[in-house]
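Here you get one chain, nothing else, as structure tokens; it is the form predicted on its own.
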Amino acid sequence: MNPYVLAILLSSLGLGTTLTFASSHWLLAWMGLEINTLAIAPLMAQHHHPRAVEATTKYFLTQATAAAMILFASTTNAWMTGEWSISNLSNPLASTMFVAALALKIGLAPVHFWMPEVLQGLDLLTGLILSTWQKLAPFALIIQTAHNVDPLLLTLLGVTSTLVGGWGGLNQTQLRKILAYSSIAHMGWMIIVIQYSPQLTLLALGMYIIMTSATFLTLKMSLTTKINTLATTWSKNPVLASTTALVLLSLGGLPPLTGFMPKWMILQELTKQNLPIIATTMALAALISLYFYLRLCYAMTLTVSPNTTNSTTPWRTQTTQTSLPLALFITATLGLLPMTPAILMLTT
């Protein structure tokens, strides 16, 4: 892609998200979301592969549907209350429709079906943008309006997403689909606590972005998109294979890695709110997700590729990819748990 066009598209992505962050008016927020969608569409279709074009079409249709629902909900609210302010979402019908639209935008269950299919058709860097940056603007709106939404609806969305994200990833062989279901499960963790502690939602979102970035950049570095090619990673780059196993365990939420921090805090908050059954359900759903992360670790570190390689030893080949962002994200993914008190002081 032409570097000038790429710069314009990436600037538009930043502009759309910033516009949604800064807006207190429904129309401005909607415009920010639309700029975001229109800016990422050419990035998704840039390879002109049938799968990429199909994924772009699916993404565009779902995002356009969600945008239309947001516009309808905000118009309904303005008609009933006489205000376009985001903070004044007092109409129950409008607030429910609005949450449903934003759930569709970020891929919460049960409106998650587009997410694995779209992510599977993209290259790893565009998939990384879709899984991380594209979640920011909708989450900003959800955090601003969560106090006006029925708590039962948010709880149902959260529990369903963690369960579906766990169950959906169990039988997959494609890494991008596994990461899509991982994303759905993590979104569920963020939504479940948003009504009690929005700061924890932001913390979980930040940790999710760090861990997912580390995973996508690792897969890009090792040029891997399927489980069976993970088995050859150790011969190409043994250090990367070791750190990748730890990154995946961090995504699963095992101590003493960074991924344990948001799960720990969210379960603690749910217990404080006298919701032991929901906390237990979430913890058990995290175990289902952990199974497929362990599957990936097993394929990567404990199995040898069944085929004999007759080519030059892979680890002798030089790579031209920049590894500094990967190193930074992996370090953050593995070592932020001891910083929990400091991070909590910043977020609360």
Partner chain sequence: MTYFMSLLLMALVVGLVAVASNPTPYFAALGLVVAAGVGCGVLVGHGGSFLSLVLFLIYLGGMLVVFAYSAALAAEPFPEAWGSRSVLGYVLVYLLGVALMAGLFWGGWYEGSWVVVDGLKEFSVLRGDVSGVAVMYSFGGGMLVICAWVLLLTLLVVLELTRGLSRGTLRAV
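It should be emphasised that the depicted structure is a prediction, and the values quoted were computed from it without experimental measurement. Positions refer to the first chain, counted from 1.
The next section is about a form of this same protein that is not shown, the form predicted in complex with its partner chain.
Checked against its partner chain in the predicted bound form, the residues 23, 12, 340, 331 give one hit for a heavy atom within 4.5 Å, which is 12. Only one of 283, 67, 41, 290 lies close to its partner chain in the predicted bound form, with a heavy atom inside 4.5 Å, and it is 41. Looking at residue 1, you'd find a heavy atom of it within 4.5 angstroms of its partner chain in the predicted bound form. Proximity of residue 35 to its partner chain in the predicted bound form: non-hydrogen atoms within 4.5 Å are present. By the criterion of a heavy atom within 4.5 Å, residue 345 is excluded from the residues contacting its partner chain in the predicted bound form. Taking non-hydrogen atoms only, residue 45 approaches its partner chain to within 4.5 angstroms in the predicted bound form.
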